[in-house]
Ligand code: FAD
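The chain below stands alone, shown as structure tokens; this is the form predicted on its own.
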């Protein structure tokens, strides 16, 4: 167990998945039991989400610690800047450190629903890069990852601005990147080309979400702003009314994406599997 960044230097491809903790009012044991299946799948790391402003913070730390200690897999803990003061961030990082968590994904995150305009406009960290810079300076023992956007960040005026902001993030301390989910590989390749032209050399894991139901696609697009290519729309139209056929077709679509990415020597594959290790096992068994 150690810095996840080092895996990109020693492995041809880094394979990872994203999972999430239960809500604060739900028992944690069923999630732990579910995630135990990753022991046999053996991804290079699991990333654990962290709610806006630290909601679900306790469960997130407990789940991350469980993955590292009991599942035996390296863990990357999300940490969101939008609701954190420097003091709260210091406390959170100290808690991570006490639990053996030393890899963090610096995100801006969503504005908490109960956050006032004054609180939002006077926060200590306006961008993920601000928080990454603070962590790098004050907690050099932590490895910091960042997010990137093949479809561009929805707030950026264009791709040039988005990639310029990404360079700030990397220069501020993010040593590797995980992309937002996407369904069109050409957009990922375009992002990588733009990164190369701007001198961004941090390795990137491509974020892939297997769409296993028609309803799931609608929710995903609404939350992420990711565009949907015609090939995936046609798949939904053909199989969307049959749950089993849709699940099979969605997994095959993701597998095809991953195979194409691997043929282009992508540095990492990151599956958004929604706490479904069986989906990760099906895909990894076909492509690794």
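All figures in this text were calculated on a predicted structure; none of them were measured in a lab. Numbering follows the first chain given and starts at 1.
One more form of this protein should be noted, the form predicted in complex with this ligand, which is absent from this view; the next part is about it.
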*Would residue 272 count as a contact of this ligand in the predicted bound form, using a 4.5 angstroms cut-off between non-hydrogen atoms?*
yes
_Does any part of residue 156 reach within 4.5 Å of this ligand in the predicted bound form? Heavy atoms only, please._
yes
*Would you check, heavy atoms only and a 4.5 Å threshold, whether residue 90 touches this ligand in the predicted bound form?*
no
*With the partner left out of view, is residue 149 within 4.5 angstroms of this ligand in the predicted bound form by any non-hydrogen atom?*
yes
*Please state whether every one of the three residues 182, 209 and 226 places a non-hydrogen atom within 4.5 angstroms of this ligand in the predicted bound form.*
no
_Selected contact from 106, 135, 101, 191, since only one has a non-hydrogen atom within 4.5 angstroms of this ligand in the predicted bound form_ = 106
*Among 220, 59, 65, 49, which has any heavy atom within 4.5 Å of this ligand in the predicted bound form?*
49
_Within 4.5 angstroms, counting heavy atoms, which one of the listed stretches 161 to 169, 194 to 202, 212 to 220, 136 to 144 is next to this ligand in the predicted bound form?_
161 to 169
*Out of 2 to 20, which residues reach within 4.5 Å of this ligand in the predicted bound form, heavy atoms considered?*
18
